[in-house]
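Just so you know, structure 1 and structure 2 below are the same protein chain in two forms, each on its own as structure tokens.
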Structure 1
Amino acid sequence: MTAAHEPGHMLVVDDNRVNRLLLTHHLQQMGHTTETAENGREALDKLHSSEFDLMLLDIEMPVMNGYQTLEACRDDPELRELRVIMTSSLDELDSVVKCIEMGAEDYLVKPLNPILLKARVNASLEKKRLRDQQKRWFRTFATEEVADELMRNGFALGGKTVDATVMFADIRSFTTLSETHDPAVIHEMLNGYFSLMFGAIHERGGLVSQLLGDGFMAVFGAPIPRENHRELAVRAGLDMLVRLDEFNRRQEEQGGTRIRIGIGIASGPMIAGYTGSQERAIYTCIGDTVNLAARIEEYTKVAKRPLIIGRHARAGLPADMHIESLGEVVFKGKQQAVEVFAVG
């Protein structure tokens, strides 16, 4: 089969048993799998319990008609992007226009022509395939949260003030590693390292907003607000150190070099949003809190501790975490001393 004709999972919604049987028979002959519902309410229950590529929805039904069901889908964030083809014996322009304006993908008049049905179904599946591919491309270069926001609201430069936590992480002595190892080896090592670190961050709800050579910046609490963003960031940092031990064990087994990292975390107000130009932009955060996190990460080299956090990040942590005050430090560019803490 070509990509446009890959089989899909279909939901057929019609109160007439004969219509359901005929439609599912045609769809199954095309290679698709099908489920059925007798009204809109039953259809919504099935849509929330299973994933479908396309719904063929009758208009005139008891309990909940097709218009009401389509409206409910468009008002539900989980179902908003579902492809829907309306089916009806009403061959009226007003009905067709109403369905399309409400967000239906297409409209078919009963009795259904099998050739036309196949063409409309294949076209809808191809649009879904392209949309899914677009999402995957977005998520290659952005986190799921940023990708979903772009798909929902589009792109616009600017930002808003948020209370969040920023993390900077960096590999120690990376310049020396680069000088003494083949670039291909370094490239492969970085890919493996970043995969583990990014996984730890994403699992704690963080967003990797910038890749800075051998280091990166991550944000917790934006674009999706999270009340426990401080704890999530610190636990992500601890997860990263555990994963680093695993990474280094594999490196040694394969004759590679162990690496060390420094992690700096700060919490507080910042501006979060898209910065750059209409042609090229990134989702990131700026402000004094971000600068402090970068300074704390640099200070890990002096303190010789892998994970250090600022005072505001410390304020949001549970009592069972092992935290040690390292005293106050006057960082470059700041006039007042800042108390910092080692974690772990």
Structure 2
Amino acid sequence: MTAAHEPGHMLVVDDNRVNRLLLTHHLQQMGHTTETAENGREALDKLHSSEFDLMLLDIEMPVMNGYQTLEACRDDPELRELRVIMTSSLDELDSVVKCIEMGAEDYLVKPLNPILLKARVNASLEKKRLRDQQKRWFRTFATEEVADELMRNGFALGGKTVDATVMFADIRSFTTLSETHDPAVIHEMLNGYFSLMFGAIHERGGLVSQLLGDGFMAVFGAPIPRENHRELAVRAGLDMLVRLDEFNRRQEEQGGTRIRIGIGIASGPMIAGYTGSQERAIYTCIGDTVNLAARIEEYTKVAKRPLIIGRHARAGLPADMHIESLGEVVFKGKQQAVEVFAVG
């Protein structure tokens, strides 16, 4: 729990000067930096002009009281996630309950006990740090929009049927330009490759849901529904191929390794949601559509085309895209033949 002792930036809101001085003094003694406000209105101004880790909020104040301040924070997308600890007197416990129901995290009774203050402030900062860390982690796998959606809805396990598009991408082969096969070099090269590919996915609103060795799976149209998920996925695929060309050109210049990839895309109904346990869960999709995308990706090897899509994905594409039918294919485990198309 060493992280809990890292200093934070605190906003102390109280109309009473003695209370502000005392609270500020305690927080500064703990190593935190502080700003103060005399009422909710002033607090909101400060919250909009700089970033705080925690607000300590009095209930009884003129101009704008603690309830109104909490309410304003909850209604403001920028302030919704601000952590708030109420400071109240012992006979205001009913009010404190109301504040906690409105989203305040904890409370402290005045006159303040500095040991309790320290414990609650540190617990709150620690929670904020964990959440920030979780958010950063999400953002390496998804767009900010998707990450926010995931953060809001939490980790409820279970899925729902959605109409969406799935993409599988895999490295077909490493073509060696030099004799270097240092694992560290390969590792660095893979990281460079992934960050380019994920960038292309994120820019089209997709979510990278799984990494499978040198391949990955991405979802478009879930968890946030998008009317044009087919087109977004195919355009992301085309962007990936353009970026891969650039990547290979750079590899060549540096005497490194070129790579080729295969991309398979399929659209249709699938079950999307969190899979796993409460401790470790991923957002992913399952179902026939997902299996089909994986089979199509494997088929890029046979067809020798880098980007192949299924019939339902084809149905959603604008007329200006260059699409060529590769005929019907019977995939392993499927009864019926499926028409597939090469794009680009």
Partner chain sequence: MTSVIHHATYDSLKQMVGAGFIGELVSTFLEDAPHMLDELRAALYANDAETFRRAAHSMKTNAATFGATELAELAKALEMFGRSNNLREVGNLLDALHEAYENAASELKGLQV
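Rigid core (definition): largest C-alpha set, two forms, superposition within 1.5 Å. Structure 1's sequence is the ruler for residue numbers, which start at 1. Worth saying up front: this structure is predicted, and the values here are computed from it rather than measured.
Taken from the form predicted together with its partner chain, structure 2 is distinct in origin from structure 1. Once both forms are overlaid on the rigid core, the distance between the two CA positions of residue 62 between structure 1 and structure 2 is 2 angstroms or more. With the core held fixed, residue 330 shows a CA shift below 2 Å between structure 1 and structure 2. For residue 47, the Cα coordinates differ by 2 angstroms or more between structure 1 and structure 2 after the core has been superposed. Core-aligned Cα shift between structure 1 and structure 2 at residue 81: this is 2.6 Å. If you overlay the core, the Cα of residue 128 moves by 6.4 Å between structure 1 and structure 2.
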